[in-house]
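In structure tokens, one chain follows: the form predicted alone.
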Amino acid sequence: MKKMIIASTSTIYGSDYLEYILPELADFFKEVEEVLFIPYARPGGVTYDEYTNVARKAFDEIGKGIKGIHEFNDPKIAVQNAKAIFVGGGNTFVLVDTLYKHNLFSEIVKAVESGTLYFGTSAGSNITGVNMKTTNDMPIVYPPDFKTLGLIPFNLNPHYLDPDPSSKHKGETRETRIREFHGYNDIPVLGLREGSWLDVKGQKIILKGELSAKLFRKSEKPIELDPGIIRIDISSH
């Protein structure tokens, strides 16, 4: 059975890396000792080792070890042997491109569907959807495909921001961008606000955190989903 935590972000205002979600992670990873970290979305100027050390420091707080996938000779075998996987945030285009280069998409899907725990933040959450077309990131590299893991039957827009009625900025809002996506695609999109995450167990999906999430369907008015809703049934309409 799939078991995943899909978080909008790794860091919320006023807290350290993963601090806000560590209690959830302590319970989620209680049966494993070491988590495989995939740092491929690394922020600019940060090495895989540096990024892995950031994750390691956070996981030390819950008594769990972290090992970067780049520390293994064969990334495929690393995924196959992992009891738990954490894919960090950064740039989704870079992440997807690198996963394709190492032929890891099918390996991750097989692992998660076989029970390997999956935790993603930001870019690592984006790739759990049907495709990466609703990412906020700049296309600084060109992956061979926009198709991603498809572990949930919809797309995400992490870091979702509501329009600010007091702003003088006249550029496109997140809602506008998602409507543009629906001009060419039928896939539902869930706007996941900061500090929110999805708890996935098999086909059951629970929205957690203090904020609602915004659901967009093609040609329909967006709706708000409150925390605690079980089975966000947005796979088709």
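Residue positions are given as counts along the sequence shown, with the first one as 1. In this text, all values refer to a predicted model and were calculated from it rather than measured experimentally.
Below, we turn to the form predicted in complex with a further copy of the same chain, even though it does not appear here.
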Is a further copy of the same chain in the predicted bound form close enough to M132, P143 and F146 that every residue in that trio has a heavy atom within 4.5 angstroms of it?
yes
Looking at the partner-bound form in the predicted bound form, is R179 within 4.5 Å of a further copy of the same chain by any heavy atom?
-> yes
Checklist line | Interface membership of R174, a further copy of the same chain in the predicted bound form, 4.5 Å heavy atom rule | finding: yes
Just to confirm, G90 within 4.5 Å of a further copy of the same chain in the predicted bound form by heavy atoms? yes
Does G44 make contact with a further copy of the same chain in the predicted bound form, using a 4.5 Å heavy atom cut-off? yes
With the partner omitted here, the residue among S114, S167, N103, N73 that in the predicted bound form has a heavy atom within 4.5 Å of a further copy of the same chain is S167
Heavy atom within 4.5 Å of a further copy of the same chain in the predicted bound form, from candidates L151, A78, V94, A84, belongs to V94
Exactly one listed stretch (207-215, 23-31, 184-192, 63-71) reaches within 4.5 angstroms of a further copy of the same chain in the predicted bound form by non-hydrogen atoms, and it is 184-192
Near a further copy of the same chain in the predicted bound form, with a heavy atom at 4.5 Å or closer, the residues from 98-122 are none
